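Encoded as structure tokens, the following chain is the form predicted on its own, with no partner shown.
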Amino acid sequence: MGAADGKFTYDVAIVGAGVVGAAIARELSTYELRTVVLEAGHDVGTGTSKANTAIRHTGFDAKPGSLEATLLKRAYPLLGDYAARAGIPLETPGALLVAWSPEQLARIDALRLQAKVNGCDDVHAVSAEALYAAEPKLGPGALGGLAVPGEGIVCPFTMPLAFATEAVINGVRLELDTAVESIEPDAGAYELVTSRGRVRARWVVNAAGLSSDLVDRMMGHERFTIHPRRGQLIVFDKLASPLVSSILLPVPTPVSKGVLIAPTVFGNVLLGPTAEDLDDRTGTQTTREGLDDLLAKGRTILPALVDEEVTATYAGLRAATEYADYQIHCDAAQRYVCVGGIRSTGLSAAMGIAAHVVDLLQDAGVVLRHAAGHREVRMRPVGESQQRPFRDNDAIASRPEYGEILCFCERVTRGEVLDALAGPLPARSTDGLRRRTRAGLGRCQGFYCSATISALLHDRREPPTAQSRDADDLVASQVPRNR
């Protein structure tokens, strides 16, 4: 695995391939560095990154002066530009923050001023009449609120996949199913002892999400402790989409951003999340109490929504700590960067965090020289507003498999599944295929298509034909795994 065998030494080892770790890997791939990413899961983005509200936050309500506020502001234009280039589904319907009580209404002006301090100058107060004009299905009793035009929705699956794919085709080595068990200093470098052998690197970047405090302790620190905060969510059928056009936000509390209702880039409507502090770092199960609480809150916000059909429920864990801000630290003498406590805004801030980490590495003495011939990626379209293969006559004419639908709920074709099973970062499970194609994410949850999908997955080891590989895949096959 390019480990300590023969004393090969990477310049940087990144622990964790969630959206933040993948973003850092993509950023480092633009430089002449030998980088490896060690991920305990079986795929990229299988932890917090795949189970969130999929909101692109402006940072309007972040604490002014905090690192979180700074990096959300830095990330906002970076993500907008990158999503357009890489084909990541991203829409900006804007948000309405709704006050339901006199106490909440009294906080509106302070939130508006806070947004202005955070650089969100277009945030403005709106009356109750304006709220109902914009969202006629809003529940009774709204007193006023804020309009936040820059808030958006994004595909939480495509983002980390795009970052990681671009990193891999530019020479970064990605090791999946590779849990870091200990880290040992070794003659000017570190040996990371993993479940699959030893990896030697001069620098360690800790982007381990829910395990970031444990990796920090491996490096000899006791700076913070992860307290997993579970967020349960409900996904409503696409038939509910006419009920809401904006992201409906609550007035935030010190503990949580609260329960929201939002459209998704897949055409569904999302309700959630809860905010439950746990001791269990694997507690991603949904509960009757949590879902009932969401339905009760949803009935207040958008009464008609809770009568719609539910497509799915899920839960994710946020990496909350005892501190309100991100826990990003650079120990130059130790050759170590810790990226912990990112919580619910990691999806939005990932590119800003990655740029910040590169700045820290450079300030600490890492020599950064831009690599020649950097390759970018263009992800296959999965967003509802994108031109997907099943309705692209030119694509179908060039390849008939794009006209053969396997997943009728989400209109996923055989060609898309075959594409997802090939390339530089292929799907290795049905979950991986869901995140790459939407197959199985619809109202029947794979009941109709799972047998066919599983059969194709079982045969994935057959070499793909040239016809089933796009230009990026062909380029990637010629790129050495290490520079």
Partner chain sequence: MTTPAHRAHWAGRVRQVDALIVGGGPAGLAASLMLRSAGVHVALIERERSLGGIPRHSRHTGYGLRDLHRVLSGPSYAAHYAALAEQAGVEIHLTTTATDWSAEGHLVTTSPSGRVQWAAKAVLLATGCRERPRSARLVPGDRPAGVLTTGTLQQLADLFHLPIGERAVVVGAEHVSFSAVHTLLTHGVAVAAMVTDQPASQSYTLLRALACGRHRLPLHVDTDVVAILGSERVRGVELEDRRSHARWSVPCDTVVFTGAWVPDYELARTSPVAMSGPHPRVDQWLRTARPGLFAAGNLVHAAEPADVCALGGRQAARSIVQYLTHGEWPERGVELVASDPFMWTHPSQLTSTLERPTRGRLLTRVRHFLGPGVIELVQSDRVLHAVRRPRLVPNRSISIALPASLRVDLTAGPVELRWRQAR
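Residue numbers count along the first chain shown, from 1. No experiment lies behind these values; they were computed from the predicted model shown.
Here the subject shifts to the form predicted in complex with the partner chain, a form of this protein not shown in this document.
The candidate spot formed by 239, 291 and 390 is fully in contact with the partner chain in the model of the complex: every one of the three has a heavy atom within 4.5 Å. With a 4.5 Å cutoff on heavy atoms, residue 411 counts as touching the partner chain in the model of the complex. Among heavy atoms of residue 432, none comes within 4.5 Å of the partner chain in the model of the complex. Proximity of residue 443 to the partner chain in the model of the complex falls within the 4.5 Å heavy atom cutoff. Using a 4.5 Å cutoff between non-hydrogen atoms, residue 315 counts as a contact of the partner chain in the model of the complex. Heavy atoms within 4.5 Å of the partner chain in the model of the complex belong, among the stretches 79-87, 337-345, 397-405, 267-275, to residues of 397-405. In terms of contact with the partner chain in the model of the complex, the residue from 179, 355, 310, 214 that brings a heavy atom within 4.5 Å is 310. The partner is absent here; in the model of the complex, the one residue of 386, 245, 225, 284 having a heavy atom within 4.5 Å of the partner chain is 284.
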